[in-house]
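Structure 1 and structure 2, given next as structure tokens, are two forms of the same protein chain, each shown alone.
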Structure 1
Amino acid sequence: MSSSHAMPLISIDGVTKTYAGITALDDVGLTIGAGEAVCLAGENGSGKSTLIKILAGVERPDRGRIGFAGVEQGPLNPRLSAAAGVMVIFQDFSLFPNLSVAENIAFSASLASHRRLFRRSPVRKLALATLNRVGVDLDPDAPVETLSVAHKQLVAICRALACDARLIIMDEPTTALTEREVRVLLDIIRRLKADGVAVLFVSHKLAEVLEVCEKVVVLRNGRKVIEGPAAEFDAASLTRHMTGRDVAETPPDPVPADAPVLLQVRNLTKAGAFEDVTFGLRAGEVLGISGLLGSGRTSLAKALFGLVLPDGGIMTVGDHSVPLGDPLAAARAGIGYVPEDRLTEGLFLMQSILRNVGVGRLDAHSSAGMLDFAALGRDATDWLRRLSVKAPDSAAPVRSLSGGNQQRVVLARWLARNPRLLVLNGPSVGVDVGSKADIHGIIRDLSRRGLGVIVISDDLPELLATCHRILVMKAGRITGEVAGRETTEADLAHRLAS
């Protein structure tokens, strides 16, 4: 749809923004044409979010020019940006859970037209027309709180279209989606482009970005380091531009032939979640478990750490049976668990980085009911250093860290306890490519040290980069097993989908 000779829909020139003396954006410029999909790539802290906020009118640049359809804009605010057709779909979607699909889709359009009265018929008509425009079959009367993450995202896209969006900015749109849901989203993006709607796509998942975008713009430390046609990039070169270094993903070292069995799971069953799950894990082995949404993989991950109580089955670590449904017993047996949602399940967000690590070692640094804070601090600081947690001050709240550094803090807490095996549920969800490669490196290092690691993920490149074996789950059952070194991403995707 876009043409290099046509008037750009969006033009940004020389945009600079500083916060308290720290430069977030430095002389950044780019253009987006109608019907063009542009990937805005960069690690956390590269300036992507600041640029999105400036386009949305939430932040104002210190200097620089922004044009919409050839018209230079004065100071923007959210209302002016929305009126120009710039819509942002943030990761939380900003929907009203208690309202219906139709009401959510029509809400912003109703506000923009200054309607004071709610009339069900035109709201449903607008919603159905917009759903039909993207080829989505959703019940317009369903409460949004009952929808899956993927369907909520589609509602957010339709809400933007109902407001005559000309540019839709998608911030990490595939983070919580399964492989199949990602395919649906990419098809919808293609339909939007064919309809003349431009898309600015921010994602850590590089393969998806390159598949759907015509152009790539890479930011690093607030500066644009490269811009060019998507066809001229691959995942490796994009990663190199984003990080400033080569990030090699090498498969893990083979497991020694005489490695003892560390974990044995037999006939683990939980009605409605998983059934008759049996597998073993050897010392130094990285075992992947993958499946589509509803396969039971998350419930199984939680059951291995005692957060879900199975109806039956046996679990042993070494020679000792582990009581089911008891996280404290699992931790005593040497099992650690890094949850998929680190913000609500893995971190004390208001507490310091140091305390988030040290809380796992209180027993090792207490005597007669008194804590040795100095020893606890030294221990936690050592683990922060060993996992290269980038933090200006370890006394700062852990919520101040990037996603990748937060994930390392959760890992540091468990590694400080000297576990025998770790269950990692989505170990790199929501982290940038540099941190993702570093976390994969940590997993390989743990394997070399003889720990057993279970990686629960639907990120196929992640599984192939870290795992010796991969178990495939469907409808709560283990239906297949592949060797990490002997399979391809296409083969694994086929096994998951078929």
Structure 2
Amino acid sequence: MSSSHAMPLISIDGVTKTYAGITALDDVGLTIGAGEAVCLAGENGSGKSTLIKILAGVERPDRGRIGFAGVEQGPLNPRLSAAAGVMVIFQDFSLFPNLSVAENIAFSASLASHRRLFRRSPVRKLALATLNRVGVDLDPDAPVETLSVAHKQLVAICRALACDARLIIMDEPTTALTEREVRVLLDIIRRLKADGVAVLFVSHKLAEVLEVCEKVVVLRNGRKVIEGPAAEFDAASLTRHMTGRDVAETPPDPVPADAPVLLQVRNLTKAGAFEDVTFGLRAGEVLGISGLLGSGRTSLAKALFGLVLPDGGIMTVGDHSVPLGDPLAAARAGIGYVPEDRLTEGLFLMQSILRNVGVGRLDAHSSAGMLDFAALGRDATDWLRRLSVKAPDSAAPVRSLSGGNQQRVVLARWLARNPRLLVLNGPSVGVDVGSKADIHGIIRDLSRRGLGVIVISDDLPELLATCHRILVMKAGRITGEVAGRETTEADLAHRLAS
């Protein structure tokens, strides 16, 4: 064990990976020592997930060497990596929706133990112990498919923790977590480090990165641009290395005093999810909604778009009341919705990028049944350009895009429809700082043009940077309202937690 300083736990050297013409990784080298927390930073599509998949044995590099504890490895596969103590929390969680929480948590550990028989009680015990360690209260027997995105993420974290790992790789583990869970996770990482477990951490939330990591590695376009101790970086310098430019957030312009009321929600209620929700939104206003896990934000957001049928309440856009529980009517009324889980709810993964954007504009570009493909394409390309989607070929399937670019594709689809009101559920989930600022810029621009925007987010700086007003939800009720200009991150965090 004492040799851990001399011999790194993981050494990567000259790893290159290309996908059908795209170079995702180009000659990347990296070492991780035992008990060390390394941050992998970089813009969307810079190759972070690809590197992780290679370490996990899911993808094979075209070139390059990988060593575990000084021993050079042949071609890896997930089983070999797992046997070497590499556990991954994947960006998309990679859970089993049909299995219980307990089984999902214990799955990797059971596989690693090479046991042939399966018994429930040890599985439950292990799961409960791990859940306790993370401090989450989840029914271990609930099927994972019934969980919210945040809870799924916690289960994925627990699964990795339940194994005797030597390296835990976390690919954006905090995207769906609220402040409180993130705290707990960071604590766990500290404890893991103390136990000699190494952590490779990917996140776009720079503050948390700098808080727990010793070393920072920055990728840009598949190349390593810099590597150094975390102490030498601050958020601004890190951003500069990732994007090659300075990114500044500016607060939103004030809403014009004469802006008409766009959306009125009165007494919207859904048993078990939210209760008696009343608020208004003016044209050009950006309204933030925040709350802890399970506070009912997502249900409320879906209800606004008709994806959830409320038990009662009234919703009007402009002068017209919108029928509840009907997404088509909501869309007709000019409401758009960007879902939080873009992979399953937002995107048609196997279809082209163009089609993914264009699908919202089919009616606008068809006459007498005929679709004007040229116009549809121009329209979509235009929006892709305006949102600076990094794609080699807009005819390529959208699944080949990085997470952040995928998110922009979903945004582009709705923006192309020219909505009056946009509900953004986690608009910058998994989006890098540069793009995030771009998206915030887009939101600002939309509000300037008189759109109403509702932003549901856990990212407090994001809320502060984009919103005129922020509603705080607790246990399904709106418990407070603050003006974006008049509050600070600490104050908001306090309101949420209390």
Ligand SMILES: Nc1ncnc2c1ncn2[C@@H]1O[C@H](COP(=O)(O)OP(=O)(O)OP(=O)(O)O)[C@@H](O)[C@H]1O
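For the two forms, the rigid core is made up of the largest set of C-alpha atoms that agree within 1.5 Å on superposition. Please note that residue numbering is based on structure 1, beginning with 1 at the start of its sequence. Computed from a predicted model, the values in this text were never measured in an experiment.
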Subject >> Number assigned to the form predicted on its own in this pair >> reply: 1
Original post:
Against the rigid core, is the Cα displacement of Asp276 between structure 1 and structure 2 at least 2 Å?
Top reply: no
Subject >> Flag for Glu36, CA shift 2 Å or larger between structure 1 and structure 2 after aligning core >> reply: yes
Original post:
Superposing on the rigid core, does the Cα of Leu464 end up 2 Å or more away between structure 1 and structure 2?
Top reply: no
**OP:** Keeping the rigid core fixed, work out how far the Cα of Asp27 travels between structure 1 and structure 2, to one decimal in Å.
**Re:** 6.7
Subject >> After superposing on the core, C-alpha shift for Ala198 between structure 1 and structure 2 in angstrom >> reply: 4.0
